[in-house]
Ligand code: 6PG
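This document opens with one chain alone, in structure tokens, the form predicted alone.
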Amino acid sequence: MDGEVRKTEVIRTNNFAADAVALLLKEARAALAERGEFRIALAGGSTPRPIYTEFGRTARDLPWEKVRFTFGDERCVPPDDEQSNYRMARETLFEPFGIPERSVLRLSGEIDPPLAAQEYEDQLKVIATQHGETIYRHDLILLGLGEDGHTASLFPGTLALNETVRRVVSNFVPKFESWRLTMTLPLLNQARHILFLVGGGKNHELIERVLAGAEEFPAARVAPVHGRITWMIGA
């Protein structure tokens, strides 16, 4: 229940996509029953792709107009670019299953990065204020794990990792010599539930070090204040 800090759960599975979808459906139905809305932040990359497709296929009974999709991060590219997280979600979930446009709040990767981040933060703030909240609180945030321990676009050694006030920022990533847009820890850590999706073949030593709380890895600094974390790890 809200306000209760729960321990991290680790699920190791041979049925990665199916188990992830089952968790998404459970969280969606619980949020809709309790609060009349389901807020989910999507992750990019290749790992969630089959999950989004299967979620759309099995969740046809959900009232999509009561589901709000946001994005944990985005590359600074146009929405039709092959690197766009929004494009991946649009192709696998939004378009095939008729998700209403008003249910999707995308990061504008095609405009000036600081402006895009500020606009997104402002949009989330307006929604939170309309609901009498001091900060936008997600029911579920999907995150991945990079080989360097990054999550969302919070990379080791980058400025966004140490942000304590802003909820969404532009973040320059030297290893790619490019800008990213990302939710920050102050926003991520307000989630009711965070689900790390880690496919099989990921560095097991890295996973164990992150789970042990090694804070040189950004993913280890994700710690919901009044929520819980689930790690779903493919076999």
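Sequential numbering from 1, following the sequence displayed. Nothing here was measured: the structure is a model prediction, and the numbers come from that model.
Keep in mind that the form predicted in complex with the ligand is not shown, yet the notes after this line are about it.
*Any chance His193 has a heavy atom within 4.5 Å of the ligand in the predicted bound form?*
No.
*At the 4.5 Å heavy atom threshold, is Arg75 in contact with the ligand in the predicted bound form?*
Yes.
*Does any heavy atom of Thr184 come within 4.5 Å of a heavy atom of the ligand in the predicted bound form?*
Thr184: no contact with the ligand in the predicted bound form.
*asked:* Since only the chain is shown here, I'm wondering whether Asn203 would be in contact with the ligand in the predicted bound form (any heavy atom pair within 4.5 Å).
replied: Asn203: no, not in contact with the ligand in the predicted bound form.
_Between Pro63, Gly45, Gly36, Pro174, only one gets a heavy atom within 4.5 angstroms of the ligand in the predicted bound form; which residue is that?_
By the 4.5 Å criterion, the partner-contacting residue is Gly45.
*Does the ligand come within 4.5 Å of a heavy atom in each of Thr53, Gly56 and Arg87 in the predicted bound form?*
Checking in the predicted bound form: none of Thr53, Gly56 and Arg87 is within 4.5 Å of the ligand.
*Heavy atoms, 4.5 Å, the ligand in the predicted bound form: which of 132-140, 146-154, 119-127, 103-111 makes the cut? Say which one.*
Every other range fails; the passing one is 146-154.
*What residues of 166-196, in sequence order, lie within 4.5 Å of the ligand in the predicted bound form by heavy atom?*
The one in contact is Arg180.
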